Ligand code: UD1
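So this first bit is one chain, no partners, the form predicted on its own, shown in structure tokens.
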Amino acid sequence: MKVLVTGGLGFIGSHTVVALQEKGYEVVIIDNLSNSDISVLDGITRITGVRPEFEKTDLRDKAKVIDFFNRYNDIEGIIHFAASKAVNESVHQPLLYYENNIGTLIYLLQQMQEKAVRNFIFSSSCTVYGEPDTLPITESAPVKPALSPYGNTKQIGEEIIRDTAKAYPKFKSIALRYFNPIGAHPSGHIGELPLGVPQNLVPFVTQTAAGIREVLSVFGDDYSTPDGTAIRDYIHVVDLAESHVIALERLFENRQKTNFEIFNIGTGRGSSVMEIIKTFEKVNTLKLNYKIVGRREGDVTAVWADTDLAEKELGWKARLTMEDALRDAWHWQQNISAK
């Protein structure tokens, strides 16, 4: 069975490719390498012993999307990661985000209908909830006006998929609203590989520990949280990858209750930025150079998931700890710093 993974050389995509191959699926990757590196293919191959098919394609080019589906007419499921994903960057470059995150989704869905590809997993985000009224967040929490263009693209993306599901009853989709992925594959062969200045916390932590960055900036210590720093639900990327495989199999086996379902994917526990820093120092026996700076536009105070629905319906639950994730992230950083 052949599965297309868009953005499959990115952080979450590459780990999902590994999880798919370990389950025996054939994988085709589309990636434009805008925020990834071709060397990730080698890492995937070292872990699984199988080199996935790869197409360097920019999904913003509709003609190339059509050409791909004309050549690959045996795709049975799609997991769609390819998107720009930095909250702060989206505030300053909104048009880039709307073009890259919305246009590409539409082109994919059009070809799915054209070629009768029925099964679609969408990489969504807890950003759709905005600043939550209550915690933990359930899937029934209101979707509020987005605090950033990135968050808005995920809201709009879900609306597009919902409307597509209404119009085409044979189309089946699951949106996974996941929280904050961290860590790396325990082998150290793949991990988070941001190009340029990292947009996420943990790569900045590991790069500071490795001496690549002089200092780690903590964006705000005046939030209404126990230690004043923002709280997020940090999930190991290996757990997150496995949730995509389980969700896709739910569609393949026609176990879904409606043809568009939504699940939170997190640990069900919130951790502050300072907790991440202190835990990283503890598990890796080192000290980080960090400083407190002003808040970032678009950041919310605290977000963590209620994961009961995913546990009940998908049969999925996070099993790896924050300590595991921060140990694996540092192992990955040491490997790439040694090259």
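If you're wondering where the values come from, they're calculated on a predicted model, not measured in any experiment. In case it trips you up, residue 1 is the first one in the sequence shown, and so on.
We do not show the form predicted in complex with this ligand, though everything after this point is about it.
For the options 278, 296, 64, 46, the residue carrying a heavy atom within 4.5 angstroms of this ligand in the model of the complex is 296. The partner is absent here, but in the model of the complex a heavy atom of 180, alone among 180, 259, 152, 207, sits within 4.5 Å of this ligand. Here the chain stands alone, but in the model of the complex its contact with this ligand, taken as any heavy atom within 4.5 Å, falls in 226 to 234 among 95 to 103, 72 to 80, 226 to 234, 261 to 269.
This ligand is not shown here, and in the model of the complex it never comes within 4.5 Å of any heavy atom of residue 193.
Although the partner is absent here, residue 187 sits far enough away that none of its heavy atoms falls within 4.5 Å of this ligand in the model of the complex. This ligand in the model of the complex is not approached by residue 146, whose heavy atoms all lie more than 4.5 angstroms from it. Looking at residue 87, you'd find a heavy atom of it within 4.5 angstroms of this ligand in the model of the complex. Looking at 199 to 218, the residues that come within 4.5 Å of this ligand in the model of the complex, counting any heavy atom, are 199, 200, 201, 204, 216, 217, 218.
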